[in-house]
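Just one chain is shown here, as structure tokens, and it is the form predicted alone.
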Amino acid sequence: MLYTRYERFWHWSQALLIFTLFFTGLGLHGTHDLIDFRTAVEIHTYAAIALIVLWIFTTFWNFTTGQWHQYLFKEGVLKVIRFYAYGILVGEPHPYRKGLQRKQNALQSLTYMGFMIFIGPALWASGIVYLFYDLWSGYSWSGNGLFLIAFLHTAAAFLMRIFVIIHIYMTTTGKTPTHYIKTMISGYDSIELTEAEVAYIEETHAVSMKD
């Protein structure tokens, strides 16, 4: 079992909240009129709060379990980029071998780190400032400030959209188009274990395995 219950819960609940936020955000911008403005504001606000709480708990979980190591920079980014740009089209093997402590390749680690350091904080920070506009609306610079915050929030939202689109595309690059999706539902994936990893698992039963 490569992905724990919490990792799967975090992944799918985050996905649901992100789609909810983007859908209601488009409604707030007038892109669609499938829900009224007041309802869109309420859903958008509550979904944003839920996502921030989820990120806080997940950050705590990553540090207490040591999973934050998965997001550290790894060598071989250019090899992985070349694989997805060319190698995958001609049947080359993936240059990165997934392992029990190496769930993400170099490009994934770099992308997720950028997501957590730049896109995520830009979204919730600008959103919180936007939400409490009434507290600073009386200042002379509030008009320009509101425009800047709205622009930053929208720009970060579209960066999030790009991230999600690429992420969805990458889920189709496994052994089958649905391989990675099934993995994130069940938690299980086929990987090669070192002798030390097998011995550790057999002794501690820390990770569930299937033959």
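From a predicted model like this one, the values you see are computed outputs, not experimental measurements. For every residue, the number given is its place in the sequence shown, counted from 1.
The form predicted in complex with a small molecule exists for this protein as well; it is not shown, and the discussion that follows is about that form.
K.L.:
Between the small molecule and V77, I88 and I166, in the predicted bound form, does every residue show a non-hydrogen atom at 4.5 Å or closer?
P.N.:
Zero of three within 4.5 Å in the predicted bound form.
K.L.:
To verify the annotation, which of these, I35, L54, M184, A150, has a non-hydrogen atom within 4.5 Å of the small molecule in the predicted bound form?
P.N.:
Flagged contact: A150.
K.L.:
Please pick, from L131, M113, L100, L107, the one residue with any non-hydrogen atom lying within 4.5 angstroms of the small molecule in the predicted bound form.
P.N.:
Contact check passes for L131.
K.L.:
Given that the partner is absent here, state which listed stretch (137-145, 68-76, 89-97, 121-129) has heavy atoms within 4.5 Å of the small molecule in the predicted bound form.
P.N.:
Checking each option against the 4.5 Å cut-off leaves 121-129.
K.L.:
Is there any non-hydrogen atom of N62 lying within 4.5 Å of the small molecule in the predicted bound form?
P.N.:
It does not: once the small molecule is placed as it appears in the predicted bound form, N62 has no heavy atom within 4.5 Å of it.
K.L.:
Applying a 4.5 Å heavy atom distance criterion, does I162 contact the small molecule in the predicted bound form?
P.N.:
No.
K.L.:
Report whether the minimum heavy atom distance between W10 and the small molecule in the predicted bound form is within 4.5 Å.
P.N.:
Close contact is absent here: in the predicted bound form, W10 is far from the small molecule, nothing within 4.5 Å, heavy atoms only.
K.L.:
At 4.5 Å between heavy atoms, is L26 in contact with the small molecule in the predicted bound form?
P.N.:
Looking in the predicted bound form, residue contacts with the small molecule include L26, since a heavy atom lies within 4.5 Å.
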